[in-house]
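Below you will find one chain, with nothing else, as structure tokens; this is the form predicted on its own, and questions on how it binds or moves follow later.
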């Protein structure tokens, strides 16, 4: 991203313009629940909107409806925090077609056959904020963006080593050596496809919400199985963990204003115009007061992981770029996440200061090599939105998973039952195995993906 492009896109050249009035809602995004929940009594927005706060049903696919890899899913709506469930989920089979370089003079790419060349599977969770529209669009769009990005590199993915030229031409005999020296592997093409798909989906959401006069954004957590590997891509504060008999392994990191403090502060350092003179980029242990003027107080800036002291100036009394701690930390006093999709129209309250320049749509991608892992029968990946992790730790979830699976070996629907049990454990219910009284009032969505006997026969040619 060039500095010139960034300035043209986000930085005003003159006085801040007045906020534009919202466009008429010509094509609003309809509210709905995931398709695989049809028949479970959860697809009606009216049911969600008219619920009683003391009756929050845990919902999952009807028995007999199989998800990829026999995965389990369950969800619960928030306790009237918002009118609708702002979480969305998607899953399915990825069918990647083969493309080859054309022989015509213009050398365009051509799809030679429509049948599947490479297949995989996909699970995704989207946690919306500012309304459900962005999460619904992401659930309906991201998998298509990913398929297109994978089809653009599929020839390189199936090669022993990704070629320098996808067309097969040889400009330099040492090209394979250069690729090898860079350490470029097949999985790097999948990671690049995921990163590009998130970016493309973010742009689609921005256009669609602007056209419909709607607003909002969402986090995104995606798992993709392809060629014997599981790729977990995360942009936001949802989480995925691997649970084995003797191991709990995080497969994602949360992206919040606190965890990305230095990146956000550095952007404000390079482009101070983004703060419009209303915020200070410096971090202090607390919000400074007038009595702090002239005193030496603890602070840190974008280049610092440690702390130092500075003499407080008047400009330091402005509202901090990042304020609060833990789950209460907010970017520009507004948003609790630093990565995600959407939020193109989001402004700081009563100003025209955009949050989008500080938000990244690029995910962090973790790769799990299934062939090397040699999964056992009880090994699962748990993906969940932050409503689960607000009240349960990785270790608590792992204990619940192991205990439940050990006592339910014969139930063919045990992974959906496990997902439901995990959600009940966040509701302070009497039958919850975790008796700590903690209750999550947020939307909660959970996938439980079993790994045993999966990933075999992962490609078709």
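Numbering follows the first chain given and starts at 1. Remember, it's a predicted structure, so these values are computed and weren't measured experimentally.
Just so you know, the form predicted in complex with a further copy of the same chain exists too; it's not on screen, but the next bit is about it.
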Quiz item: Given that a further copy of the same chain is left out here, which of 298, 248, 95, 276 has a heavy atom within 4.5 Å of it in the predicted bound form?
Solution: 298
Self-check item: Contact residue in the predicted bound form, from 81, 207, 314, 289 (heavy atom within 4.5 Å of a further copy of the same chain)
Solution: 289
Quiz item: Each of 264, 353 and 420 near a further copy of the same chain in the predicted bound form, meaning some heavy atom within 4.5 Å?
Solution: no
Exercise. Classify residue 378 as contacting or not contacting a further copy of the same chain in the predicted bound form by the rule of any non-hydrogen atom within 4.5 angstroms, answering yes or no.
Key: no
Quiz item: Would residue 374 count as touching a further copy of the same chain in the predicted bound form under a 4.5 Å heavy atom rule?
Solution: no
Exercise. Indicate whether residue 260 is a 4.5 Å heavy atom neighbour of a further copy of the same chain in the predicted bound form.
Key: no
Practice problem: Report yes if any heavy atom of residue 166 sits within 4.5 Å of a heavy atom of a further copy of the same chain in the predicted bound form; otherwise report no. | Solution: yes
Quiz item: In terms of non-hydrogen atoms within 4.5 angstroms, which of the given stretches 128-136, 214-222, 185-193, 68-76 touches a further copy of the same chain in the predicted bound form?
Solution: 185-193
Self-check item: Those residues of 296-330 which, in the predicted bound form, come within 4.5 Å of a further copy of the same chain by heavy atom
Solution: 296, 297, 298, 303, 304, 305, 306, 307, 308, 309, 324, 325
